[in-house]
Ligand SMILES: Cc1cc2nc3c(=O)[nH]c(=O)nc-3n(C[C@H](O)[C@H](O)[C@H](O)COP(=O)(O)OP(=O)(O)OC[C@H]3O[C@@H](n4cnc5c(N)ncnc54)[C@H](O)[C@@H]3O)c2cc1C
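A lone chain, given as structure tokens: the form predicted on its own.
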């Protein structure tokens, strides 16, 4: 699909909802499974579209991947169509932030590197968005120091600044979206687990949950790593890759920055509005004997001692580039399991086996939550298929 077609598809969403929903004699009854940031956005957007919404959550708001997300809002990806979807979501996040006071930090993203490897990494990042509607700007070493005077960045052979990026507190924003959804009439069933789906003549009639029967016309499953198991109740079959990740969190510190940072060795950090630093230095837990279980299954950290060791290690690494942050500032380490589709692209849309059951699962749940909330709600209420979501349909896994 050409870029102009994509933008027309996104732009048409702003012209208003189809009259199909308003022509119903009663509001469409829609269940949303999962109260992470993606499910909460979908629930809110469905309510704004006029649906009668029940959110069904097994543990609590933001209890899964959302709570353990780094929550960097960005468009860095090589695929132009996917990049444009992410850019559309950043724009939608700004709209939601303005309307619901979400407290998103729109400070931008600063990336620097040293040596041949560091220079290549920064250049590759720059190339991903250079021809987009929100390109990054290359930075000189002096510009890096002026932009972030609290850093001790070391040698800088390449650097960029992406002014369009932001970051958020995933738990706080999820709670705010749920509050807004409830103000629109959304009901919230928690703790409640979907145990069975009821159909009549191929059409969904209800979700049978641990707390009772919920009469429904449509269901959206946005339950993170639990999504495949719930989709299987409707004949949908796909799997997710196992993708654990750890983050170090500090006690509240004096305000330093609203930037998102990435320096040499994948040293990444940001500061929340409450002063806490969130940091990581590797996309996955290190491959050591103590992590064998975590790298194979969803489980808790093996011991509190190991949890503290890795949290302090990450902060000690970070202190080389930001001395205001020290290992002693460690407060907690979170271990999360990301809902990672096999091809690292979202899976969004109605199941071929059950057209009243929609799914929405993606690794980039925080970045994409705003636009997927809008697009999924439009498809569910209007009954039309967005061309923007064509590359991400569940059908692509039908033969697997």
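Residue numbers count along the first chain shown, from 1. Model, not experiment: these values are computed from the prediction.
Not on display, but discussed next: the form predicted in complex with this ligand.
K.L.:
Where, among 234-242, 187-195, 126-134, 154-162, do residues come within 4.5 Å of this ligand in the predicted complex by heavy atom distance?
P.N.:
Only one stretch qualifies here: 187-195.
K.L.:
Even though this ligand is not shown here, does residue 104 get within 4.5 Å of it in the predicted complex, heavy atoms only?
P.N.:
Residue 104: no contact with this ligand in the predicted complex.
K.L.:
Does residue 219 reach this ligand in the predicted complex, with heavy atoms at most 4.5 Å apart?
P.N.:
No, residue 219 sits far enough from this ligand in the predicted complex that none of its heavy atoms falls within 4.5 Å.
K.L.:
At the 4.5 Å heavy atom threshold, is residue 29 in contact with this ligand in the predicted complex?
P.N.:
Residue 29 lies outside the contact set for this ligand.
K.L.:
Could you tell me if residue 338 has a non-hydrogen atom within 4.5 Å of this ligand in the predicted complex?
P.N.:
Residue 338: yes, in contact with this ligand in the predicted complex.
K.L.:
Would all three of 37, 230 and 362 be in contact with this ligand in the predicted complex, where contact means some heavy atom lies within 4.5 Å?
P.N.:
All of them do, each having a heavy atom within 4.5 Å of the partner.
K.L.:
Could you work out which of 223, 177, 248, 85 is the residue within 4.5 angstroms of this ligand in the predicted complex, going by heavy atoms?
P.N.:
Result of the distance check: 223.
K.L.:
Check each of 51, 375, 56, 44 and return the one that places a heavy atom within 4.5 angstroms of this ligand in the predicted complex.
P.N.:
Of the listed residues, the single hit is 56.
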